[in-house]
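Okay, here we've got a single chain as structure tokens, the form predicted on its own, with questions on binding and movement later.
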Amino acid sequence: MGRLISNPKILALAIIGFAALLISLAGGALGSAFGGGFLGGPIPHIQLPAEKVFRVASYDVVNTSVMFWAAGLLLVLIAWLATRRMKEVPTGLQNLVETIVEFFDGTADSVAGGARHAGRRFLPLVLVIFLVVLIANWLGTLPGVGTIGRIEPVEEWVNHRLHDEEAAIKQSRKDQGLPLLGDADLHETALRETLSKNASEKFVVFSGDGLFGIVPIGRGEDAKASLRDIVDIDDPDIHRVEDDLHAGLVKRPPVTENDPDKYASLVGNRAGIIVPFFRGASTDLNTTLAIAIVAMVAVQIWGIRSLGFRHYSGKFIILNRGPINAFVGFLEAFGEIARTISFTFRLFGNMFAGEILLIVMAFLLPLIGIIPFLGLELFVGLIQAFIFAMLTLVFGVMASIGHGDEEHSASH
């Protein structure tokens, strides 16, 4: 303690850190309950499916795909920079890349049996999986990922649900033997049902009425406008309702118990949700499933190339050795599917949970709350990439070992 007081630099840093903590507490969601919240912002819209960024011909490009392509391109760039001027004594980026390759080369050999180059055939895919997943995980922690994007207007949000409601009404009337509604009646009925079911849904209020905007600091969850604040869902004139939807402007301010007029200035501003241009690739279940399928297909190929198709498929189809062995073969096949599912949800669950944690901490403690968890997220991203790569290697080696050979060795 005496050293802390006697060293002006350490004392200044301690004071600055403590002041930042107090400001974060007072300015975040925790301080808003006591009249603070001047740094707070609304929690971003969170959903499992990836959001569409743009469309190419008939293909919808989603934000997680953009980040996954970016990770792949960055890996290609790193490989090119590391190998364009190879040196006998590596330095810089070449030294880093060679260290990673040598580590996985040695690890693959040790897992495959210890002989030199015994695991070389597994190395390319295992190494690529590790690097791509690692870069994709780390790119997901960059500033702006998940927070910068276009505004999805309320009308677009409602229309996404309107189509599902129309289909549900058609199916319901068909099941009940009722005549189908005309297009106009069906549209009005589905629209009113959609608005009624989602009347309490909250939307961020942006400054201005354009398609791009910002959320000024100090607007927390209380400043979100509900669908009722934007559209008069009880208006008997369906055309006025649709006009309100198209405008997407706040018609009445969100009301708080302590200060009903606090958000009166929000009237006339556009409401919607942010559709981020970028989102961590591993937070999309489709991405992790695709990597898992590639890994498990490669495992089957390694097994077939090592043992032959007849010998390798014998562990799945055991029909001539009684019902117990047939059931064992079924369990082996089910195990391959279970591994794919395990691969998928292990990576997705950890990275999606990390994204939610960062969002929550930035909401509770602006400025500093996210800093320690960013380090944790980087570490988790590294560990998950390593686990995915190592399990791929282990499963590949296991698939290349003949079960008959193991039984024969055991009998001796």
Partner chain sequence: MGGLGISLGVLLTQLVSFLVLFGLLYLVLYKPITRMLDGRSQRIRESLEAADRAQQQAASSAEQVEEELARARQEGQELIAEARSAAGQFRQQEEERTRLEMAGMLERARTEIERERDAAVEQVRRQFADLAITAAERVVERSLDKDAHGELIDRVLEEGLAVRRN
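Residue numbers count along the first chain shown, from 1. Computed from a predicted structure; not experimentally measured.
Although not depicted, the form predicted together with the partner chain is the subject of the following passage.
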Options 170-178, 267-275, 145-153, 81-89; stretch whose heavy atom lies within 4.5 Å of the partner chain in the predicted complex: 81-89
Taking the partner chain as it sits in the predicted complex, is residue 164 in contact with it (heavy atom to heavy atom, 4.5 Å or less)? no
Determine whether any heavy atom of residue 189 comes within 4.5 Å of a heavy atom of the partner chain in the predicted complex, and answer yes or no. no
Spell out, yes or no, whether the shortest heavy atom distance between residue 345 and the partner chain in the predicted complex is within 4.5 Å. yes
Looking in the predicted complex, any heavy atom of residue 371 within 4.5 Å of the partner chain? no
Would you mind picking the one in 117, 239, 246, 262 that has a heavy atom within 4.5 Å of the partner chain in the predicted complex? 117
From the list 233, 97, 111, 139, which entry has a heavy atom within 4.5 Å of the partner chain in the predicted complex? 97
What are the residues of 62-77, in order along the chain, with a heavy atom within 4.5 Å of the partner chain in the predicted complex? 62, 64, 65, 68, 69, 72, 75, 76
